[in-house]
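In the form predicted on its own, a lone chain appears below as structure tokens.
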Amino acid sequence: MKWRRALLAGSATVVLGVLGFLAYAYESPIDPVDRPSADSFAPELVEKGRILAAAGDCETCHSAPGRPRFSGGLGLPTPFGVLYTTNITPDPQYGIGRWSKEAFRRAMREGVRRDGAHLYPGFPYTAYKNVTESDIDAIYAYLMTQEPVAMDPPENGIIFPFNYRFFQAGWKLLFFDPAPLTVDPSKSKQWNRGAYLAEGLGHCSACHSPRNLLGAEKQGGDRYTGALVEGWYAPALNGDTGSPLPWSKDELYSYLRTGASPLHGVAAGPMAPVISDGLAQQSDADIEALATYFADLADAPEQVDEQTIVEALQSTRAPSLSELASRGKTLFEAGCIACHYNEPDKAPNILRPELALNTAVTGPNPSTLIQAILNGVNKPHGHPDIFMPGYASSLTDEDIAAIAAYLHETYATPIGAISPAWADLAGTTKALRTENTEKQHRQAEAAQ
């Protein structure tokens, strides 16, 4: 009898637990509304929303090649399958045309759709919860004045059981703190503005922080320590970049404003449109605020003097090379050095990137360097004055591995304490080449 009572009590506990979770997971739908007319929004509010939407990279994520802007369909690879971005045009059937302001706010800050379904955290509501209600309302006004597009994105390819959205309520219970960011009274107004931009619409930690096995950003000392994103390595922003020179506040401003830093390289891959499409729309004051925030996070100096730069250049030369790197040296000197050579006793400039100081070369992960060799650094999103062709069709995986080994061994070996050796470069190159091809196929399918 005791055994039966224990079994009954255990079963009841499980049932009550399941019912309790379902009650917690349930979010009520918000009634649809008639699409607000475009002229119901003040022009200055719409313009404010345009700038804020650019800061949040809304168009970059919700626009896929071959599809109209904001109509979704961009495939985002995750460990749980491919997640396709949604249509956020004011189309009443496929977009958000029947969403009220209240429904839009809830999606942005709580990760819940108008119909009550939980959004996947690929949509960074974990950062957007820090955005003020007035800024969210401005973005709503901007999106509601855009051209509606009657296009439905492809279905997500999320694996079981994560394809059931109510499980996201459990994810939120574990990893989502709905409390918004608060002002730090010990910091300056400029610093707090930078924190608001970075931790809110900018959602910078979404790419620059590693994630745990369930896809949540790691916190504490792991935050902003760098992460692999769509085959590109987003470097650490906490000062541990693997570069022989620290990022100064001036260099951070230059990079965020123009997409290039004379001492650290140019924006490429997923970061390029963040600069050209997003930050380019922001005021100088806001870029200064971001630079101030990240300079403080990394304990960076205001600027780096030229003598320190020259000394760093002269110290980053390896005395010997492996067999693979020796072959890479031959390839590099035959096809690359004309654009990448600088006098070792002079500070570099933006138009001739100095690889000895480039985080892509000296950092802990080779992916960004390999992607740059495969794809190049090109318009429309790159720096307007910088062009590098891609070599995917002219160099083999072994060729690219050899060049990467040469550059890393030459420039990172002297600072090996913070730049570990790169292993299996040919295998990494092959995997990235395959990932790029799969991405192209997803884009082609979404555009159909």
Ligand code: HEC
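Because the structure is predicted, anything quoted here is derived from the model rather than measured. Numbers follow the displayed sequence, beginning with 1.
What follows is about the form predicted in complex with the ligand, which we do not show.
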Going by heavy atom distances of 4.5 angstroms or less, which of H340, K187, K218, R98 would be at the interface with the ligand in the predicted complex? H340
Report the residue, out of A289, M144, L201, A356, that has at least one non-hydrogen atom within 4.5 angstroms of the ligand in the predicted complex. L201
Does F80 reach the ligand in the predicted complex, with heavy atoms at most 4.5 Å apart? no
So, in the predicted complex, is A234 in contact with the ligand at a 4.5 angstroms heavy atom limit? yes
According to a 4.5 angstroms non-hydrogen atom cut-off, is E409 in contact with the ligand in the predicted complex? no
Any chance N156 has a heavy atom within 4.5 Å of the ligand in the predicted complex? yes
Here the chain appears without its partner; judged in the predicted complex, the stretch of 171 to 179, 144 to 152, 297 to 305, 369 to 377 with heavy atoms within 4.5 Å of the ligand is 369 to 377
Since the partner isn't included here, can you check whether the ligand sits close to all of D57, L119 and V266 in the predicted complex (heavy atom within 4.5 Å for each)? yes
Those residues of 385 to 408 which, in the predicted complex, come within 4.5 Å of the ligand by heavy atom: I386, F387, M388, P389, Y391, L395, I403, L407
